[in-house]
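One chain comes next, on its own, written as structure tokens: the form predicted alone.
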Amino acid sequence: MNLLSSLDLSQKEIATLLDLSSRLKRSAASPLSKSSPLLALLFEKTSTRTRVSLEAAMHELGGSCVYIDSHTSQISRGETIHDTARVLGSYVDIIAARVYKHSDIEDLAAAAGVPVINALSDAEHPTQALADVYTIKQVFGKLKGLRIAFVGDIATNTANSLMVTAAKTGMQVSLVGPDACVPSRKYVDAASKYSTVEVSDDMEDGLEGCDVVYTDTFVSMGEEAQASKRRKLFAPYQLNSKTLRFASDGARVMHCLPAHRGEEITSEVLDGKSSIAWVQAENKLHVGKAILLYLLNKVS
């Protein structure tokens, strides 16, 4: 089994992973210590939280990791993802990859012969979405019936995975961004099978009744050449103390980080009492452990 897309996870599998995350967060045991599996981290893009949380997760479970930077591997000299995957699959027990093209993560999974985790592609960020809904459940004690707004770049990989995962847990989804930024119809349609998904270009309307307000960078990796244009386009969608008032009383703020303070979110909000971004970041560790155990078929 792989974790390539939020679309692939059933509602039962999501619930299993969230419950397992809670068990692991409470436990100091190392359920993999006897088998000591090896995780390969193959990253084409930079990473802090996803890389370190997966490394720490595997170490805490009793396994070990090897980090492979694509720029210093043979991929940089033209070796295909397929060939790389066939070799890695003979060395390690599981692979987590951060790639530019989603098709590469699919090629990797097809050739590796071991479980593959999508640690971010241009289409999705499924491990992040699982950590997000786990955090919301931890804070609110439930998921079904809550309303979450994703603000800013509603066509991003994080938005795609989050809307599908949140909808599958019974949350209502509001996507709030400029008309020029059109969310993926594929992911909107998939999420709409499980819950309501609304799209708005108005912050006040889009945040109304929302229990959770989520934002992400306005300039994603690989979009640096368009930075100035994108900052101008998304500027009206900054999450600040004024726009946060449009949401429900007691609404919580999430950000998958890294944050560009003063752009998509102000420091006042990110560091304020409404923010659960730091709990969200910590929970990537616990959810990472759950994903590893589940894919390695070590769930008891």
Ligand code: CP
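One-based numbering along the sequence shown. Just so you know, these numbers come straight off a predicted model, no measurement behind them.
Absent from the display: the form predicted together with this ligand. The rest refers to it.
The contact with this ligand in the predicted complex, taken as any heavy atom within 4.5 Å, belongs to 48 out of 241, 267, 48, 30. With the partner removed from view, the residue among 258, 62, 262, 272 that has a non-hydrogen atom within 4.5 Å of this ligand in the predicted complex turns out to be 258. At a distance threshold of 4.5 angstroms between non-hydrogen atoms, residue 174 is out of contact with this ligand in the predicted complex. Contact annotation for residue 284: at least one heavy atom lies within 4.5 Å of this ligand in the predicted complex.
Put simply, residue 128 is close to this ligand in the predicted complex: some heavy atom of it is within 4.5 Å. This ligand in the predicted complex is approached by residue 98, whose closest heavy atom lies within 4.5 angstroms of it.
For this ligand in the predicted complex, the listed stretch (232-240, 246-254, 62-70, 49-57) containing residues with heavy atoms inside 4.5 Å is 49-57.
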